[in-house]
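Below sits a lone chain in structure tokens, taken as the form predicted alone.
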């Protein structure tokens, strides 16, 4: 088989696409993954990171069971990027107390296998002792625990493990066509946005894991795929407003949440059927106010925190119509178009490994081969053993806070990064103080994790995602990226402008209060001091900007 011939080509580099690439590679299939942007650059990057037990979907016991089992598998293979988060449900009236009895029974059924306590009612005093920010007039609370994962790292580690086992991972490669002979896909045609060239490869089977764009890929291939697209928006606050997660009913009776997330807090989420372009949609003013108004019923001081950003994504739900959004199954479907293309509808982050196993089973069956799935057993990179942060801090002279954040992203790979500082002690310098990120980790990410832009580094490292939203780290990070990738001066400036524009996309919808002052500061730095508002940089210099 030549370098341009593959058993399977996967379209889409989100949680499901990278999981499929990993499973196929581990089973010995010659595998290629094509992603039009960067790994985890779309829908999965707009979620809260909860690998849910399926509590919300207690009406679908099979989905709950699957979700609970997948939590166990993910804790086995990726525990270094997973954390357990306590969650409290403040109850303000007796109706909530009565309705939550069903949730407690359903949740507790699978609690033991996930190594979490059973859900329990707690007194108002105990509730406020756990989280003092909760409204004083509550009549009771419910306590439970869920697991959260870093979705960016999960996708990247799945891609890296796939590559380790022989798969090719090509980012910034957008599928634009298929060569079909006798109603069977023979070749996949894609535009390489880095080189500015059109390429093609042969494929026995194509797996369409393009999420909310899956119906467009199917259409290019001459097939039809129905999706129910559903928009979810989040508000990101500048600090850890609460110490534990909070779930509560919104003003319309839906469930929303307020979760501590890394060094910030996530407030979400909305659920609106949408026909907007997933590439351009942003959170609306009404969505932001809906979330704030809803959560301040139980957290009255919520508006004291500064909104630093919003984010919005689109869920590619199974096309159940004429039912409310919250009644649509959170399961998934594997759709065989019988022309060499296989597509997904539905699914959730917690199910990505299960979805990959199901479709890889089908691919192997079609190719007439027998290979057992091992993705639930084999650890992802960095999960080989525990890491002693205290001793490493003493040995290498790096602050424990920086090391703990690094460990949460990389597990045992932290040792490779710290070894770099022996020859380059100056690389212990902090580049992003909000996260924090030291220079050695940034250089390691550039060398080992195939980023092309500052936005790619954001997904690898959380660069620029803290309270200042990249105000103080952009130039420093850009200079390191330019040195490592040998970028020209104009490319250096274009990347800074692209990075600032991407930050602005999420900041603009929430501009109010202290965030206005923050943006005035950023504008003064980049437009006045940096003179970027008068830049004569040609945006067509980057090859991947040419066709799109």
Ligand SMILES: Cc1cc2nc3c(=O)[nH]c(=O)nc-3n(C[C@H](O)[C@H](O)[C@H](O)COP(=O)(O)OP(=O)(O)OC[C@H]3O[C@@H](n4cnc5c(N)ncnc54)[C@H](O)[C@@H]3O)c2cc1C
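Because the structure is a prediction, the values reported are computed rather than measured. Positions refer to the first chain, counted from 1.
What follows is about the form predicted together with this ligand, which we do not show.
Partner contacts here mean any heavy atom within 4.5 Å of this ligand in the predicted complex, and among 377-385, 213-221, 438-446, 391-399 they occur only in 213-221.
Contact here is defined as any heavy atom lying within 4.5 Å of this ligand in the predicted complex, and by that definition each of 12, 232 and 350 is a contact residue. At the 4.5 Å threshold, heavy atoms of residue 49 reach this ligand in the predicted complex.
Although the partner is absent from this view, residue 175 contacts this ligand in the predicted complex, with a non-hydrogen atom inside 4.5 angstroms. Put simply, residue 466 is far from this ligand in the predicted complex: not one heavy atom of it is within 4.5 Å. Contact check for residue 316: a heavy atom falls within 4.5 Å of this ligand in the predicted complex. Exactly one listed residue, out of 55, 44, 494, 29, brings a non-hydrogen atom to within 4.5 Å of this ligand in the predicted complex: 44. Comment: this ligand is not present in this chain, but in the predicted complex one of 264, 269, 452, 294 has a heavy atom within 4.5 Å of it, namely 269. Residues of 372-409 include none with a non-hydrogen atom no more than 4.5 angstroms from this ligand in the predicted complex.
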